[in-house]
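In structure tokens, the next block holds one chain alone, the form predicted on its own.
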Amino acid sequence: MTQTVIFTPKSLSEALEVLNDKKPVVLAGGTDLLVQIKGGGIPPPRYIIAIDNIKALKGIKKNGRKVRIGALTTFEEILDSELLAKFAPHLLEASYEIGSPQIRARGTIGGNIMNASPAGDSIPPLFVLEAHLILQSIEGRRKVAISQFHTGPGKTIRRRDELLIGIEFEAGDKSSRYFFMRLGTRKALAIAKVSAAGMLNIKNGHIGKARIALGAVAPTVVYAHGAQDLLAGKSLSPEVALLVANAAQNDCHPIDDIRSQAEYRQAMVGVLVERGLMRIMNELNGDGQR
């Protein structure tokens, strides 16, 4: 039996050299990869590169209007971030739903993205932030919109010599409102049957830009384009929330699988979107905004 060789670089440059030479499987927190290997989902790889010692890939920073999250930032660190609590509160909501405290202490946002599951909890919040992923190889760096990164379950456009080093998005202002909703079999330790995230820019009581993203209802996370278009220029009300929720159901085409049925998923998309919009409406009313 061929043994797996594990590389443990201490710097980004060292890691990129290994990636270019060996094209290894990348190990970050290990909460997905090790389970897949042990469970037989993937064969033991010839080479693994464990990147968890690369400090340059950790941390959360703001530079001007740009917020950057290092790919090795754990979900526990996201939950503790005052910066993200201010500019991406829905990402904190999603992070809290991921696994258990032990998994959140090890699991990284970069690993969740690279796992490329359409049920990945961190992905819909990043969609509505219109986040970009920063990929680097020894040849250089490129940015890719997260909405263009996944091509199917477990599939991305990352080249094998590239490393995801960070996630970047533009910080919103006081006019930006967010929500994240999910439905699972249990309250914790369950993969989402369906999830929804939203972002609305609301000024003088009217919606400008709107983004709604849906998880676990297509081969990748998707935007609810029809629902977004209906929100533009409107004021939030129960009637508008219901109208948009119904449109969101038509923006996805889920399948039956071991976790749920397509018909149920489609119905729950409407429920979650309506709940999210109503929550924003109630927050606005509580702030004295109309």
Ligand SMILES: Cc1cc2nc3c(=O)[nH]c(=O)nc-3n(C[C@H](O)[C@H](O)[C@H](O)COP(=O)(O)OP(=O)(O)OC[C@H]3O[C@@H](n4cnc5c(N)ncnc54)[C@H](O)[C@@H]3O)c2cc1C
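Values in this document were obtained by computation on a predicted structure and should not be read as measured data. A residue's number is simply how far along the shown sequence it sits, counting from 1.
Just so it is clear, the following notes concern the form predicted together with the named molecule, a form of the same protein that is not shown.
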Is residue 28 close enough to the named molecule in the predicted bound form to count, meaning some heavy atom within 4.5 Å?
yes
Contact test in the predicted bound form: residue 99 vs the named molecule, heavy atoms, 4.5 Å
yes
Touches the named molecule in the predicted bound form: residue 32 (any heavy atom, 4.5 Å)
yes
Are any of the heavy atoms in residue 145 no more than 4.5 Å from a heavy atom of the named molecule in the predicted bound form?
no
In the predicted bound form, the residue from 84, 202, 119, 218 that sits within 4.5 Å of the named molecule by heavy atoms
119
Just one of 211, 90, 132, 106 has a heavy atom within 4.5 angstroms of the named molecule in the predicted bound form, so which one?
106
Only one of 137 to 145, 67 to 75, 170 to 178, 194 to 202 sits within 4.5 Å of the named molecule in the predicted bound form by heavy atom distance, namely 67 to 75
Heavy atom of each of 224, 252 and 270 within 4.5 Å of the named molecule in the predicted bound form
no
Heavy atom within 4.5 Å of the named molecule in the predicted bound form: which residues of 123 to 160 meet that condition, in order?
158
